[in-house]
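Here's a solo chain for you in C-alpha cells, the form predicted on its own.
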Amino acid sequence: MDTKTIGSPALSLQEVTKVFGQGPSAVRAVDAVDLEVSQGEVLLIQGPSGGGKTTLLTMAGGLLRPTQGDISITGVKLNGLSDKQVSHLRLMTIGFIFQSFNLLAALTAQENVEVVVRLAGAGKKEARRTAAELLASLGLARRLNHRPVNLSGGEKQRVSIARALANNPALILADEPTANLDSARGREVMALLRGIAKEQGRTVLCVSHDHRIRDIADRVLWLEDGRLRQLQAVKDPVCGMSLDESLAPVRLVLDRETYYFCGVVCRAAFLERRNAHEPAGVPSSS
C-alpha cells in the first residue's frame, strides 16, 4: 500500500463521477466533482434529496468505487488498492457517523465502541480501556453499561462519535448526523464535532439537510444533480441562521435592500420590529 504523502489534504477528489445504470436509463449521481478537504477542516455539503450527497460520501469513505476519477485519503490513492487494502485503510483512517446511529442493540455503549478497537487488532483490555476513556471524554462515563434502548438520541449519537474516534482516524464522515435529534441536540453534536476537528486536527465531512448547523462549518457547499458549487452565504437578520442567497425560502425588499429569512416567522418578527421604530413606513416585499 502507498504511504501517505506529507502535507496532503485529508481528502481529495479529482474529476470523480459515479454513473448508475447504462444507456438511456443511466443516472449520473455524481458528475465530475473536484474537492479537497484540509486537515482540521469542517466541511458541510447540503443539497436536495437525490442530489448525490450520500453517493459522494460513500465514495469518499471507500465503500463505493467511482465510475471515473481519483480519490485520495491522506495522500493514499484508493484506485490502485485491492478491496482488502481499502477495507484496512477505511478501518484505520476513517470514522463513520450515521443518521440512524447504527449501534448494535445487544451490546452496551462501551461494547459498541470496543468492537471497532478489537477489529483493528487491539487486545480485550486495551479495547475496554480505550472505549471507556472515549465515552467518558464525551460525557458518558455513567452510561458505559447502558444498551442503546436505554439511551437518549443525543447519547446514542455521542456513542457513535466515540466509535468513530476509536481508531484515531484522520477523517470523520458524517451522514445526516443531526437528522434524528432536536435543534438543541443537533447543534450540540455538531459543536462537539467541530471541537474535535479543531482540537485534535481531524477532518470532518458532513452531509446534511439541516440548515441550522451551517454556522458550525468552515465551508458549506451545495450538491445538486451531482455537481458541487459554492454557496453565496447570507444571514437571517432575526435568528442569525446562515442561508444561501439563491435558496432562501423567504426574502423581503425594503428601500432597495434585500433581506433573507429562514421562514415567515422571522420575516414577521423583522417587520414588527421595524414598524415599531417606523410606524408610518409601509414596506414592500417580494
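One-based numbering along the sequence shown. Nothing here was measured: the structure is a model prediction, and the numbers come from that model.
Omitted from view is the form predicted in complex with a small molecule, to which the following refers.
Handout entry: is_contact(residue 253, the small molecule) in the predicted bound form, heavy atom dist at most 4.5 Å
Key = No, no contact at 4.5 Å.
Handout entry: Interface membership of residue 49, the small molecule in the predicted bound form, 4.5 Å heavy atom rule
Key = It does: once the small molecule is placed as it appears in the predicted bound form, residue 49 has a heavy atom within 4.5 Å of it.
Problem - Exercise: residue 54 in contact with the small molecule in the predicted bound form, heavy atom 4.5 Å - result: Taking the distances in the predicted bound form, the answer for residue 54 is yes, it comes within 4.5 Å of the small molecule.
Handout entry: is_contact(residue 220, the small molecule) in the predicted bound form, heavy atom dist at most 4.5 Å
Key = No - in the predicted bound form, heavy atoms of residue 220 and the small molecule never come within 4.5 Å of each other.
Problem - the small molecule in the predicted bound form: contacted by all of 41, 166 and 198, heavy atom 4.5 Å - result: Per the other structure, none of 41, 166 and 198 touch the small molecule.
Practice task
Answer with one of 129, 209, 118, 185: the residue that has a non-hydrogen atom within 4.5 Å of the small molecule in the predicted bound form.
Solution key: Exactly one listed residue reaches within 4.5 Å, namely 209.
Practice task
Heavy atom within 4.5 Å of the small molecule in the predicted bound form: which of 29, 37, 241, 33 fits that? Just give me the one.
Solution key: None of the other options qualify; the answer is 29.
Problem - Interface stretch in the predicted bound form with the small molecule - options 242-250, 255-263, 228-236, 54-62, non-hydrogen atom within 4.5 Å - result: Stretch with heavy atoms near the partner: 54-62.
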